[in-house]
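The chain that follows stands alone, in the form predicted on its own, written as structure tokens.
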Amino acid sequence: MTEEILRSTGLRASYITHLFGMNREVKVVDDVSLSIRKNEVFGIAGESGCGKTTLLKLIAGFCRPPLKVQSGSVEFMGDPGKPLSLLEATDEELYGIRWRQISYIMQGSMNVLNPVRRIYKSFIDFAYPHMGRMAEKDFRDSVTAHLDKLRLGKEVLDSYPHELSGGMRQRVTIGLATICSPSIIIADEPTTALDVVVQRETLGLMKRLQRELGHTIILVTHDLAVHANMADRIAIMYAGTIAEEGSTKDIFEAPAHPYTQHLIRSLPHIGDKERKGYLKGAPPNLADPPAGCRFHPRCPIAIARCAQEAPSLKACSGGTRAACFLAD
């Protein structure tokens, strides 16, 4: 088994606001425990609003009001034998690992580039402070060589973001996230707004860099086809909880949770003319989630116990771990 590099245990977090004399708590991450290994691509899938991006913020140590952690921990094993608690770390400790150890490809990343600064200035802003005492000339040479791996010419450094295509801007953001050779790259919907041809090229590029540089990638997307091509293991989220977790092969061949089974059945297949089914109802309001299993109001096989007790992840015969009393 590959060595563990990051672990979350019993993680619970909510958005807590006080507006117009009313307190509101949105329970967006509920008892999430994950173990992520070195040199793997770990996928997190789920529909919009299920808590994927918030979970990434907690994993990266970006916990700021109104987001508040109620319980649990996130530990980064970058230094063998000395795990760092990312939720309790000081600003100085977090600054020491960001970009050098943990970097972030943000959702809508093509729009994070400053429109009035040339691309090279973005590398100066993001990466140069984390490159030690490197001379700026050496840093520019390093950036140029890194962009060459991304199939981007050195003239890109003197361009403004609007002068580049969407695919080129996406590759620039991947370059920003990988220039310091971090241990973990968190990628939040890295192929949003890209057409399928550029999407395939971008994913292939990320996979090649991961193999060459030995990164661990935590990949979040609602597109299961992307996970099928990229991820070694997948966690399926529903309404702030982990419904199922396992290897990509096991998730697609033997899904145990009814929600995962529905997601797999809904995928299109070439030549398949059968009408796809759908789940009745809608995801729960996380400000007032249902008791018991959060999926039970929509589950086709729910029993009375499901409305009273929240299931924990358990090993299933198909090789995955599922939070379902009737998984097998």
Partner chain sequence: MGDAIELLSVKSAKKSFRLGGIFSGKELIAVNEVSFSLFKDAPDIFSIIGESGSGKTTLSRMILRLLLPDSGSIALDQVDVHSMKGRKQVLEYMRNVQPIFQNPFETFNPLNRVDEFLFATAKNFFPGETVDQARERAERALNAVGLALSEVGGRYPHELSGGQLQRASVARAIIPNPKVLVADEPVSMVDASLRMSIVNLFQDLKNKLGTSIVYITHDLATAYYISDRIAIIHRGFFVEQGPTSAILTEPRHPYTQLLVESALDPRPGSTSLADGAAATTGDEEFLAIGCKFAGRCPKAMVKCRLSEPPEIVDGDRMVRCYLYGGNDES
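Positions refer to the first chain, counted from 1. Note that the coordinates shown come from a computational prediction; the quantities given were computed from them, not determined experimentally.
Below, we turn to the form predicted in complex with its partner chain, even though it does not appear here.
Heavy atom within 4.5 Å of its partner chain in the model of the complex: which of Ile102, Val226, Val220, Ile179 fits that? Just give me the one.
Of the listed residues, the single hit is Val226.
From the list Leu267, Ala287, Ile301, Ala291, which entry has a heavy atom within 4.5 Å of its partner chain in the model of the complex?
Checked against the cut-off, the match is Leu267.
Of the listed stretches (92-100, 134-142, 121-129, 197-205), which one has a non-hydrogen atom within 4.5 Å of its partner chain in the model of the complex?
Only one stretch passes the 4.5 Å heavy-atom test: 197-205.
In the model of the complex, does Lys38 come within 4.5 Å of its partner chain, counting heavy atoms only?
Result no; Lys38 lies far from its partner chain in the model of the complex.
Does its partner chain get within 4.5 angstroms of any non-hydrogen atom of Gly277 in the model of the complex?
Gly277: contacts its partner chain in the model of the complex.
Just checking whether Asp79 would be counted as a contact of its partner chain in the model of the complex - the rule being heavy atoms within 4.5 angstroms.
Contact check for Asp79: no, nothing within 4.5 Å of its partner chain in the model of the complex.
Touches its partner chain in the model of the complex: His215 (any heavy atom, 4.5 Å)
The answer is no: His215 has no heavy atom within 4.5 Å of its partner chain.
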